[in-house]
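This document starts with one chain, in the form predicted on its own, laid out as structure tokens.
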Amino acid sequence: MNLKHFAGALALGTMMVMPLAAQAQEEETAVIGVSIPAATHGWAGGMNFHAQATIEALEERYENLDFVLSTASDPGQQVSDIEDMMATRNIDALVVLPFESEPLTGPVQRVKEEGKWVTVVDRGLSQENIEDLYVAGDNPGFGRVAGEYFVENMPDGGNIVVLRGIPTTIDNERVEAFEAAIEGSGIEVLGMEHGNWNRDDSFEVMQDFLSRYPEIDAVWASDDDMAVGALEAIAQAGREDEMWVLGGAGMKEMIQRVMDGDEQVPANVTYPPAMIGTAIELTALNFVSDVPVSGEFIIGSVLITQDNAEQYYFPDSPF
């Protein structure tokens, strides 16, 4: 069963799970491991917040569920965390958002070969069909929506620079869709470098772009943390009036600027960090209900402009 619509899936889950709650509490405890990157940037901070909140809510609701949450600052640590979960906790399921795709593919495959349920979130593995469930934003859609915005707002073409994320399958999907959307538009990509979804790295990359290219009309930062770094570099160079910046993921500070009609930040594209909570909840359904949840669950990307920005502004959010 492919899960394409969140509301429908949760509605079904609620109908099935509520009558089974008492029964589930009498069953043997299932241990679910959750392995995610540490809060090295804003989106990851929001993801960590939603992961912890979801785990706390599920543990309170179901006595037969136990969770092991680990956060890793690099791929090597994440591999060690997962191996430790298997060796010391004998987890029944793994929810993993890979720090990077390639280094995590083998370790996650070994978890699957041990007969455990595997849910992969956001950054896909470098080999297909390992996981039971894949939960992510619409990464090709994310790139396509951004590219279409550039084409619409640069009808005569122009010069842009691009900041990519960490080398992963989702970054490839975003960039490929973006390039396809702007093809034939007269928009020239002067430079494209990895900002690693990091403000400091993106600040340095943007400084390099600014020193190399005297004429830049716009920037696709492809992430709000990278957009913050790029904007700071632009401000320090005194070139704010020369270019606008499109980030993505809905950081509240960026949505505020869109709401205020800031010409330098005219729009944004959604990619919610709360998807980790969705992945954990859907994985938990395997142990508290008979709801089928294998397949893909894709959350669409939406263009945020001044007209609809208020719908996506959450001032109390950590991101």
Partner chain sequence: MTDTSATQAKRPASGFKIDFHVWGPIIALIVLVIAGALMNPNFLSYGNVTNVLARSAFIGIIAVGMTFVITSGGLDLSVGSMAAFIAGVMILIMNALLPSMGVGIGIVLVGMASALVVGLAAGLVNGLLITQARIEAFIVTLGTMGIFRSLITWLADGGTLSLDYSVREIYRPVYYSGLFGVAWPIIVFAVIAIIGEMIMRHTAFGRHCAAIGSNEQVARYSAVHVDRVRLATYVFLGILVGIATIMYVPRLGSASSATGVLWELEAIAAVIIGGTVLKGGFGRVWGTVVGVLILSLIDNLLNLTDLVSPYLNGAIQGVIIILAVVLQRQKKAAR
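None of the values given here were measured: they were computed from a predicted structure. Numbering follows the first chain given and starts at 1.
What comes next is about the form predicted in complex with the partner chain, which is not displayed.
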| property | result |
| --- | --- |
| Option touching the partner chain, based on a heavy atom within 4.5 Å in the predicted complex, out of Gln77, Ser126, Asn159, Asn172 | Asn172 |
| Sole residue of Glu204, Asp132, Asp92, Glu100 within 4.5 Å of the partner chain in the predicted complex, by heavy atom | Glu204 |
| All of Ala39, Pro167 and Glu193 with a heavy atom within 4.5 Å of the partner chain in the predicted complex | yes |
| Region of this chain that lies against the partner chain in the predicted complex, out of 144-152, 84-92, 216-224, 231-239 [heavy atom, 4.5 Å] | 231-239 |
| Exercise: Arg110 in contact with the partner chain in the predicted complex, heavy atom 4.5 Å | no |
| Interface membership of Asp208, the partner chain in the predicted complex, 4.5 Å heavy atom rule | yes |
| Contact of Glu188 with the partner chain in the predicted complex (heavy atom, 4.5 Å) | no |
| Interface membership of Asn198, the partner chain in the predicted complex, 4.5 Å heavy atom rule | yes |
